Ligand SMILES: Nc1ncnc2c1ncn2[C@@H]1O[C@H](COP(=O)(O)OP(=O)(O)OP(=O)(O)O)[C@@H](O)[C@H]1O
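Next up: just one chain, as structure tokens, the form predicted on its own.
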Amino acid sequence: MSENDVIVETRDLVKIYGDGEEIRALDGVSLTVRRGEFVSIMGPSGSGKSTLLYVLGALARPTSGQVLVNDQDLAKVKNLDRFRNETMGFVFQLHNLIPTMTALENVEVPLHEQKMSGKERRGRARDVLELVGLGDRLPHLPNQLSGGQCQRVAVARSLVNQPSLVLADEPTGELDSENSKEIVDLMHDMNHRLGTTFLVVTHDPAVARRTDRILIMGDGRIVREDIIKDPYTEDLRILKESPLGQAVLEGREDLVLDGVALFHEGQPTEAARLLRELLQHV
């Protein structure tokens, strides 16, 4: 891997909270994220995953260790606000939209730090909102949008400054399953279409399985790393290991799926044959 392939690197990262009884939120975390990757971070509450995200985004300073983003050591960057604005986008569990601003105005906010005219800002914001499927919601206030639409606006806002890296902290945590899937599909699409690197903290295994790589944290450390080669294959593998999958492979004649028998007069139906063939090749 060449240095140009790396967008995020940490070296022995430590973050300690508390003056009396110390809490070691990060305990020697070293990781590397390549450009264009879609990486998820999972782990129980208190494992350090959100702290790691905030340190990577220069929203919190580490106690010790080193963070490099785009080959820049964050400890040596003189103007972190400008660096964040030019390099990163953020999506949080609560969309954090300004309630008195329209969708278009909310997306424009990160561009106010850049040297561009109001017309250019509005044009860029409009383009990104159209990209996330909200071209017809530009003048709407947050209270006129659904939860999923508000989070789409938040994703658009994270992308409007054309960042190299988007950091998302539980972006689907407040959404139902349908809206969660739409937001993950959207981020996945933006990752592939724009080449933007995404680093996402999540509790949801369905979200994590859509990413390229899962980092599992525990007690402030990365305790495991899973490579997701193909979400479709991963789902089939999970099905194969389930009681249903084993029953299909064994050819159990009493097998019923959603009220439909998979065997008829001792013979597998077409659906059962296809499903068995898929599972046999996983």
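As the structure is a prediction and not an experimental result, all values here were calculated from the model. Counting begins at 1, following the sequence as shown.
Another form exists, predicted together with the named molecule; not displayed. Remarks below refer to it.
Which single stretch, out of 29-37, 65-73, 240-248, 44-52, brings residue heavy atoms within 4.5 Å of the named molecule in the model of the complex? Partner-contacting stretch among the options: 44-52.
F92, L215 and R224 each touching the named molecule in the model of the complex (heavy atom, 4.5 Å): No residue of the spot touches the named molecule in the model of the complex.
Using a 4.5 Å heavy atom cut-off, state whether D204 contacts the named molecule in the model of the complex. Output for D204 is no: heavy atoms all beyond 4.5 Å of the named molecule.
Spell out, yes or no, whether the shortest heavy atom distance between A25 and the named molecule in the model of the complex is within 4.5 Å. Although the named molecule is absent here, A25 would touch it in the model of the complex, with heavy atoms inside 4.5 Å.
So in the model of the complex, does any heavy atom of E174 sit within 4.5 Å of the named molecule? No, no contact at 4.5 Å.
E105: heavy atom within 4.5 Å of the named molecule in the model of the complex? No, no contact at 4.5 Å.
Looking at the named molecule in the model of the complex, which residues in 146-173 have at least one heavy atom within 4.5 Å of it? The stretch touches the partner through E170 alone.
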